[in-house]
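A lone chain, given as structure tokens: the form predicted on its own.
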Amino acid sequence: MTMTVLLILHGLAGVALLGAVTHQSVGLFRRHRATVDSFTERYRAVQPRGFSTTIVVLVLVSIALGAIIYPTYRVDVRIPFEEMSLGWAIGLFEMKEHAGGIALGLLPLYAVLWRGEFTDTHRLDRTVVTLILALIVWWDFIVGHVLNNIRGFG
């Protein structure tokens, strides 16, 4: 029961992170227009800098929750995957782990690039790091849900 609750919280943190990093990424490519007349323009019209602290916190929460439920995955999910000859699913999870490690390693750089003194400089660096982080978040989210759909806890 506890692991199921933690898995749900991990998923909710992932959804919040996915929304925040996607919104920030789209905001990086906004056009500077005086009027905002459509949903997509309003979606892009956000100030991307306002998402950075939330994204850092959500990445840390998501990784921490994932680390807590990891031993249960190793015993209750990975072993049955091996017994079902689902090596591709195990491989996807291993790639998910590595991508999460890369995201954790990028997080300090991401946080520094979104600080106020870098507003006018390092735009390309900030954009690239943010898009890499967004790609990792999307990858990990999709892989996590695919694997949970194959065999969740419980």
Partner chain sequence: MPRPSAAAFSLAYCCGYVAAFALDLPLFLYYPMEGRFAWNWAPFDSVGPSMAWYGLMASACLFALPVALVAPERRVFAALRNLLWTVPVAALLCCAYLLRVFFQGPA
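Computed from a prediction, not measured in an experiment: that's the story for all the values here. Residue numbers count along the first chain shown, from 1.
What follows is about the form predicted in complex with its partner chain, which we do not show.
Heavy atoms within 4.5 Å of its partner chain in the model of the complex: does residue 92 have any?
Flag for residue 92 set to yes.
Would you check, heavy atoms only and a 4.5 Å threshold, whether residue 88 touches its partner chain in the model of the complex?
Result yes; residue 88 sits at the interface with its partner chain in the model of the complex.
Examine residue 122 and determine whether its closest non-hydrogen atom to its partner chain in the model of the complex is within 4.5 angstroms.
Close contact exists here: in the model of the complex, residue 122 approaches its partner chain to within 4.5 Å, heavy atoms only.
Would residue 129 sit within 4.5 Å of its partner chain in the model of the complex, counting heavy atoms only?
Output for residue 129 is yes: heavy atoms within 4.5 Å of its partner chain.
Using a 4.5 Å cut-off on any heavy atom, which residues of 59 to 77 would contact its partner chain in the model of the complex?
Heavy-atom contacts within 4.5 Å come from 63, 67, 70, 71, 74, 75.
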